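Okay, here we've got a single chain as C-alpha cells, the form predicted on its own, with questions on binding and movement later.
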C-alpha cells in the first residue's frame, strides 16, 4: 500500500507539489500520466527515497522511503528514463547485484533475457539504448520486489520489444505487488494499466479505475462536430469526429488513453464533478 499525505515539494523556488494526497493499492499496474514537466519523474523519485518531501509524508508497505532501510530497498526497483550501466556482461551484473535482492529468480532472469533477445557475452555499456533498457527491465522483474517504479519504460523499444514488455509485466503481477508506470506514450500501455492517475502542474487531477471510467464516460463516432456543451472533448478524424461524453445510459464503451488524457487535461473541473459521486479507485 502506498499512502501519500499532504506532500509538498519544490526545486529551489519552483513549487512542484503542494498538499498532494494519493493512495495506491497493491495488485494492479498503475499508470501515471502527465505532460512533460508535470512532476511524474519527481513523484517516482520521492517514492523511491531519492528525493525528500518538504512537508507531508510517504508510507510504502509500512516503510518511509526517505529512510532507505535495507528492508525497503530489497523490495524496490526503480528504472529511470536516463541511466548508466557498467562495462560488465549480463552474467557478471547478475552476480554483482542479485545478492541485494533475496527473492531474485535466476531462471526468470535468464528467461526474460532470452525473450528480449539479449546475448550474454557482450558488455552492457556497448549495448544500444533499447537493449540496455530491456536488460534492466528483465533484471527488475526478476528481483520479485514488491514495488516496481518504471519511468517511461517503452522509450527506445521497438514494436516487438514493446509487445514482449507488456507480456512480461502482465505475467509478474501479484496481489502484494505494486507496479507504477510513468509514461507519455499512452497507447503503448493502454491494455495494461489500471488504475489511471493523471497529474498536471503538480496536482493530481484524476485517479480512477478503468471500470469507473467506462461507466462514467463513452466515445461517440459521428459525422459532424458536437453541439455546444455536448462533448467533454472531441477530435477530428478522417470519418468525422470522435466525441467523449458522459455515459448517462451505461453504454459499453472503450476510451483509449490518449483520448482520456486529453479529455481530463482540457476539462478537469467537469471531469472531477462527474466522478465525485463515486466509482473511483
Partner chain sequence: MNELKGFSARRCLLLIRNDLFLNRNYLVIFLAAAAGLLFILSGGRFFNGSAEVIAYPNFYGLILFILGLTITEKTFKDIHDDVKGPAWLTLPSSNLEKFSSRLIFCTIVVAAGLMIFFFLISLLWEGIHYLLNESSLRLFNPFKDKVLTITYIYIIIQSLLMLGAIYFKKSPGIKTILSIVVYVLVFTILVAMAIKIFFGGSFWNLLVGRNIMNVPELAARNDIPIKIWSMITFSVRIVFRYFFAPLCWVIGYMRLKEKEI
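Positions refer to the first chain, counted from 1. Note that this is a predicted model, so its numbers are computed, not measured.
The same protein also exists as the form predicted together with the partner chain; that form is not shown, yet it is the one meant from here on.
Q: Between 189, 118, 76, 169, only one gets a heavy atom within 4.5 angstroms of the partner chain in the model of the complex; which residue is that?
A: Residue within 4.5 Å of the partner: 76.
Q: Consider the chain as shown here, without its partner, and state which of 236, 254, 221, 67 has a heavy atom within 4.5 Å of the partner chain in the model of the complex.
A: By the 4.5 Å heavy-atom cutoff, the listed residue in contact is 67.
Q: Residue-level contact is defined here as any heavy atom of the residue lying within 4.5 Å of the partner chain in the model of the complex; does residue 243 satisfy this criterion?
A: It does not: once the partner chain is placed as it appears in the model of the complex, residue 243 has no heavy atom within 4.5 Å of it.
Q: Report whether the minimum heavy atom distance between residue 40 and the partner chain in the model of the complex is within 4.5 Å.
A: Flag for residue 40 set to no.
Q: So in the model of the complex, does residue 60 come within 4.5 Å of the partner chain, heavy atom to heavy atom?
A: Residue-level check for residue 60: no, no contact with the partner chain.
Q: Are any of the heavy atoms in residue 111 no more than 4.5 Å from a heavy atom of the partner chain in the model of the complex?
A: Taking the distances in the model of the complex, the answer for residue 111 is no, it never comes within 4.5 Å of the partner chain.
Q: Choose from 205-213, 175-183, 92-100, 158-166 the stretch whose residues reach within 4.5 Å of the partner chain in the model of the complex, heavy atoms counted.
A: Of the options, only 92-100 has residues within 4.5 Å of the partner.
Q: Along 36-72, which positions have a non-hydrogen atom within 4.5 Å of the partner chain in the model of the complex?
A: Result: 45, 48, 50, 51, 52, 67, 68, 70.
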